[in-house]
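What follows is one chain in structure tokens, specifically the form predicted alone.
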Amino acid sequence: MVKYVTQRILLMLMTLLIITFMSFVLIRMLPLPELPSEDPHLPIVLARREAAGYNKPYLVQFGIFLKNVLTEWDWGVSDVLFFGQEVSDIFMSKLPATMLVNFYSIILSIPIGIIFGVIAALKKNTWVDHTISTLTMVCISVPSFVYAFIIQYFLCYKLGWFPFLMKAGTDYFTWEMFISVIPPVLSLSLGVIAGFTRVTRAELTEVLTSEFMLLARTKGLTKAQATIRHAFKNCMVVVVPSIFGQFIGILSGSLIIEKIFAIPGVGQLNLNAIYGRDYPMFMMLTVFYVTISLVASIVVDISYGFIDPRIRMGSRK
């Protein structure tokens, strides 16, 4: 296991370096936003670009970028969106809103998805199973921003239960803030619920038809007892790693959902960085998103070995 984890971490770092370099070169190939000659900030901006090596080859620029990040944790200063502010400080100020919405979404999605999956597996090939499976495929197929518009139209406009946009401010744990995040939470939750429902149903259906379940029934266990003690436990070997991955994804946010509901999070910040060609901001967010994805993948793989000791990662017979 130690050897496998070490190999995965090294592979993750190499992948992160390659993606970071590709993103760095591609964003630097775009033309810089020009400032008017009469702008009083022009000398400051030019000095920063000179220090970052904007007039040097891309490989040299990337070396300067890595040196600043690894030695001083200096991701640069925003010249477009938040002039003169450190991009790391801006990022940290936007992260709580993203984490809040995604945390509520996961807390809502995981139990509902698992419950629906269990019901569908226990009612296999009945109208209940067919209904849940059909709704699951629909929810997985439809993008989350479509749900966002539907929820805004019916729940916010027609019924008036919720505001259209997330409440402004940093009072994240007030009742008004909680009410305002329900629409984006619902928009993000439907796809996650459908995903957990499908995984749970598929795994539990397979386990329920296994030979050891028949043996458990012949020993006198009722269907409910055999399901809870044996089937559900084996099913969780696949479901629990997915839960770990979802919780790590709390940090990632949703670019489109944050834009629709005016959530002041890292997702909307990423879109603004692309539109404004804010190089430092874009690079920090790109590295952040890639790191979250790679770490989630590693945690999911490693968790299999801890949840089920029979699984040995990277071993050879």
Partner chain sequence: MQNKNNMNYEYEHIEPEKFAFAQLDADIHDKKLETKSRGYFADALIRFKKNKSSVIAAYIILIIIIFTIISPLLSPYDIEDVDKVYTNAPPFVRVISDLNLGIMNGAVTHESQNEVQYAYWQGIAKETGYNPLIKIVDTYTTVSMFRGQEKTSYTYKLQTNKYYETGVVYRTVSYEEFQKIQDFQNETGIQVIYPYVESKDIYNITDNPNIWYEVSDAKGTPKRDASGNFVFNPVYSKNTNMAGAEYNSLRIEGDDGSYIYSYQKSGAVHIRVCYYNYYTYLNGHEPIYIFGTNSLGQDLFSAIGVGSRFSLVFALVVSAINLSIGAVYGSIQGYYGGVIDLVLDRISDILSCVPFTVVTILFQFHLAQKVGPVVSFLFAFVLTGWIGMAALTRKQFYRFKSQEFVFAARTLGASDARLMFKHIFPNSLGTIITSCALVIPSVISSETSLTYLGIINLSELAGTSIGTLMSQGQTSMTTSPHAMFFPALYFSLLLISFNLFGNGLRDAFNPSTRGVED
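Positions refer to the first chain, counted from 1. Since the model is a prediction, treat every value here as computed from it, not as a measurement.
Keep in mind that the form predicted together with its partner chain is missing from the display, and what follows is about it.
The partner is not drawn, yet in the predicted complex one stretch among 151-159, 189-197, 176-184, 105-113 has residues with heavy atoms inside 4.5 Å of its partner chain: 151-159. Note on contacts: among Leu59, Leu46, Leu70, Met29, the single residue with a heavy atom within 4.5 Å of its partner chain in the predicted complex is Met29.
Though the partner is left out of this view, Met22 does reach within 4.5 Å of its partner chain in the predicted complex, counting heavy atoms only. Remark: Ser141 counts among the residues lining its partner chain in the predicted complex, judged by a heavy atom distance of 4.5 Å or less. At the 4.5 Å threshold, heavy atoms of Leu10 stay clear of its partner chain in the predicted complex, well away from it. Using a 4.5 Å cutoff between non-hydrogen atoms, Glu206 counts as a contact of its partner chain in the predicted complex.
Contacts of stretch 108-127 with its partner chain in the predicted complex, defined by any heavy atom lying within 4.5 Å, are made by Lys124 alone.
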